[in-house]
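Next up: a single chain in structure tokens, the form predicted on its own.
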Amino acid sequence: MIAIEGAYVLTMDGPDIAAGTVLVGDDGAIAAVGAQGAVAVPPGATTVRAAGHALLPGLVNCHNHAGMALLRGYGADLPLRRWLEDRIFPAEARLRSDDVYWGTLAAAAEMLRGGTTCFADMYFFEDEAARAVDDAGMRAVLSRGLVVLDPAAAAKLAEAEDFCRRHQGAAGGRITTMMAPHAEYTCPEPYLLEIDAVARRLGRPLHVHVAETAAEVQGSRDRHEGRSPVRYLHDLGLLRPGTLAAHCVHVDADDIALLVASGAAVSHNPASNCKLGSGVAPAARLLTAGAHVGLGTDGPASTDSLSMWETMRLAGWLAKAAGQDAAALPARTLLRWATRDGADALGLGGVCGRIAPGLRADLCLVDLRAPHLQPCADVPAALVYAATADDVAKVWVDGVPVAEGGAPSRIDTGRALAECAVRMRRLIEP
């Protein structure tokens, strides 16, 4: 058993505990949470002295293409369509399965050292992504991206179904799965309906890009009798509880109402949307309307950084600036989106995202003693507006230490980065 004592505990399940104790059982579940001195620490427990630290649930990255760590920075300063067509698609055509293993492992190292314990992935060769997740000790929701442009689209759909069957509950339950039609503009209606039929048959949710750019929305209106991507997917029955809609940058009031009514969740990915010039999602309006929202980084090739600290900060700043409202998206809301609500968006609300008895012990301990975090009048505000990945002291997944002092425990980060460097050259310099 592990006893984490003296930290400022943000349970995301009720009031904060200014000086708390969290007990983690040998089964990897949280056994008890309470004020220091009010929770009995069993003899023989491993004690972590955490005064001067904040303890919060592990961060949840709701939208990623982790294997794209291989292509970090490639095609910088290009808009989405040119970035994809001129840089990314040609490079990805040369991908091998082991490339994705090393790219995902490098991404996992970056995420873990920054306190991210769970991510949703949409990419290729997801068997290798699953192997990397297992080796890293992370939690992940994995999906094989599907596009009809692939000449083997039918075979890839069968591959995606097989992947879901084999990996649901893998890695000791740390891996779950989704079906992933890439987007409305890459999956014509018959293919979307085939994917949806498989998802329904398997009882698995959907992960899909939605309304990322203005051009995408206009294209959908041109193709589908004036219907936006949100309206189109809704009319096909693809928006429902469990569906994860990534981006939702260019959505109007009617779209937002449909997202809320459908029960679908939105992954807000502000850094990617900014870097690719896609626009600024109406995050504050989504919140006010009652939409289910989590936060994501998008892939490391489009954002360069997989830091959820940067993502929280940017999401808040953009909403405040766009609405000229300093109260828009307050710090505690952003923390909730990055933990509890993110877990809910991935169908993991009963597993992680909160510090509560019975949930898995996916935890992030942040050192608050650095100069940029002191003096600390408001812990949630300090975390959102000033903390960085370098402030993360310890990380656990299922109660197992997976990172400490900026170093993942189960990953040879140096080798992973060296493998990525060699493989990137092959992908971009054929």
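When you see a residue number, it is the position in the sequence shown, counting from 1. Quick caveat: nothing in here was measured; it's all calculated off a predicted structure.
Below: the form predicted together with a further copy of the same chain, not depicted.
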One stretch from 236-244, 115-123, 302-310, 354-362 that, in the model of the complex, holds residues within 4.5 Å of a further copy of the same chain by heavy atom: 302-310
Are any of the heavy atoms in residue 326 no more than 4.5 Å from a heavy atom of a further copy of the same chain in the model of the complex? yes
Looking at the partner-bound form in the model of the complex, is residue 43 within 4.5 Å of a further copy of the same chain by any heavy atom? no
Contact test in the model of the complex: residue 110 vs a further copy of the same chain, heavy atoms, 4.5 Å: yes
Just to confirm, residue 370 within 4.5 Å of a further copy of the same chain in the model of the complex by heavy atoms? yes
Checked 197, 214, 155, 93 for heavy atoms within 4.5 Å of a further copy of the same chain in the model of the complex; positive is 214
Under a 4.5 angstroms heavy atom criterion, identify the one residue in 192, 130, 146, 271 near a further copy of the same chain in the model of the complex. 271
Listed by sequence position, which residues of 305-320 have a non-hydrogen atom within 4.5 angstroms of a further copy of the same chain in the model of the complex? 305, 310, 313, 314, 317, 318, 320
